[in-house]
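Just the one chain here, the form predicted alone, laid out as structure tokens.
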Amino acid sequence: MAAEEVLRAEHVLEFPYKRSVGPILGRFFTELRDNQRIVGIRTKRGQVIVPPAEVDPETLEDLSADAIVPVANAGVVKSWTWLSDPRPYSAYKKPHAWALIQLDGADTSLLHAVVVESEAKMTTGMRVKAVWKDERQGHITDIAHFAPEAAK
């Protein structure tokens, strides 16, 4: 083989699997789809985790679907990063932020996209609200994105 020849082989790395969501995450996704409502789960310590978890991450105690509670569809951006050049497979075709959003009533943050006009309009501490898809399927993407709370 000549030194300038490059061997190439297409390889697609995938992890296709299906996961049973159970009563806790199942309720989370059902509430998104059917009620445009975000829910979390209250731990025995009183903290509300969003999205809800099956196990308290601090105590490792099992959590019960009976402890699911609604939280607001709006909250505060705790941290964010700007994506100026979305990847071709991205659901968002224009620049946007990925943010950790602490919804009102929650003690943890939810990772989701925030769509604003420009990076200059994005700030830590800004209030944002969920923007819902018209047709929902019971996925986290039923929340199309978050937008500044003052936006209509």
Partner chain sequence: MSEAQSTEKKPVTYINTPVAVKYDYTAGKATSDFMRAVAQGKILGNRCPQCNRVYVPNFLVCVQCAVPMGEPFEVPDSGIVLTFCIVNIKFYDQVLEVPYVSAYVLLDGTDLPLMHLVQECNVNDVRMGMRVKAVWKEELSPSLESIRYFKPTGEPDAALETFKEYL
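We call the rigid core whatever largest set of C-alpha positions still superposes within 1.5 Å between the two forms. Positions refer to the first chain, counted from 1. Computed from a predicted structure; not experimentally measured.
As for the form predicted together with the partner chain, it is not shown, yet the points below apply to it.
query = Can you say which of 59-67, 41-49, 119-127, 24-32 gets within 4.5 Å of the partner chain in the predicted complex, counting heavy atoms only?
reply = In the other structure, the partner sits against 24-32.
key: Heavy atom of E10 within 4.5 Å of the partner chain in the predicted complex   = E10: yes, in contact with the partner chain in the predicted complex.
ask   = Can E14 be called a contact residue for the partner chain in the predicted complex at 4.5 Å between heavy atoms?
value = Looking in the predicted complex, residue contacts with the partner chain include E14, since a heavy atom lies within 4.5 Å.
ask   = Even though the chain is shown alone, can you say which residues of 106-141 have a heavy atom within 4.5 Å of the partner chain in the predicted complex?
value = In sequence order, G138, H139 come within 4.5 Å of the partner.
message = D134: after superposing the rigid core, is there a C-alpha shift of 2 Å or more between this form and the one not shown?
response = No, the C-alpha moves less than 2 Å.
ask   = Do the C-alpha atoms of F15 and P57 sit closer or farther apart in the predicted complex than they do here, given a shift of 3 Å or more?
value = Compared with the form shown here, the C-alpha atoms of F15 and P57 sit farther apart in the predicted complex, by 3 Å or more.
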